[in-house]
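Listed next as structure tokens is one chain, alone, in the form predicted on its own.
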């Protein structure tokens, strides 16, 4: 019997944590139209800290034999996030006032820690974020456009628009091929799966913190 591809193992063995994040109260209420645009603005602001960590680390790992093949300029989200935040806040004032929730800071900190000491762990975080953006992120974009009236693929939702990835399905296939070709032994692959589960748990914790912040109006 052929061995199960690592990309399949990664998806199936982290599915429960992935679903926990997707089904969080905050995300369910956001997608269900039960929260105002302020909640979406808060969420977008927290994503900025996560992607600042991911992409600053990615710049340093571009030549790494494990993480390097996954780092592609076409995936970069930070410039689009900043355009969205300028639109959501009306100007660039968010740079002086935006702060990371403790859960977000822990999430970004873990990404940076992996990038500095364990590139394979960074790959786990890269996978959970970017493949999610190319897939489920499109649902968020569609709901945001319909709920709050953002222009189709325009300001406010540009984070979800991958202009550099004209064929997302083909890109995701190639990404999974890279996962399957990771030059790691079985023990290290197991650690990557565990880190992927941790990444989803950190994301869930961020959602819970956002839910509390929105409820408190903080």
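Residue numbers count along the first chain shown, from 1. All values derive from a computational prediction rather than experimental measurement.
Below, we refer to the form predicted in complex with protoporphyrin IX containing FE (HEM), which is not included among the displayed structures.
Peer 1: Would you point out which of 91 to 99, 108 to 116, 136 to 144, 68 to 76 contains residues with a non-hydrogen atom within 4.5 Å of protoporphyrin IX containing FE (HEM) in the model of the complex?
Peer 2: The contacting stretch is 136 to 144.
Peer 1: Closest heavy atom of residue 189 to protoporphyrin IX containing FE (HEM) in the model of the complex, within 4.5 Å or not?
Peer 2: Looking in the model of the complex, residue contacts with protoporphyrin IX containing FE (HEM) do not include residue 189, since no heavy atom lies within 4.5 Å.
Peer 1: At 4.5 Å between heavy atoms, is residue 31 in contact with protoporphyrin IX containing FE (HEM) in the model of the complex?
Peer 2: Contact with protoporphyrin IX containing FE (HEM), yes.
Peer 1: Quick check on residue 21: any heavy atom within 4.5 Å of protoporphyrin IX containing FE (HEM) in the model of the complex?
Peer 2: Contact check for residue 21: yes, within 4.5 Å of protoporphyrin IX containing FE (HEM) in the model of the complex.
Peer 1: Taking heavy atoms only, is residue 129 within 4.5 angstroms of protoporphyrin IX containing FE (HEM) in the model of the complex?
Peer 2: Yes, residue 129 is a contact residue.
Peer 1: Considering protoporphyrin IX containing FE (HEM) in the model of the complex, which of 193, 27, 165, 39 comes within 4.5 Å of it through any heavy atom?
Peer 2: So the residue touching protoporphyrin IX containing FE (HEM) in the model of the complex, by this definition, is 27.
Peer 1: Do heavy atoms from each of 104, 153 and 160 fall within 4.5 Å of protoporphyrin IX containing FE (HEM) in the model of the complex?
Peer 2: No, none of the three is in contact.
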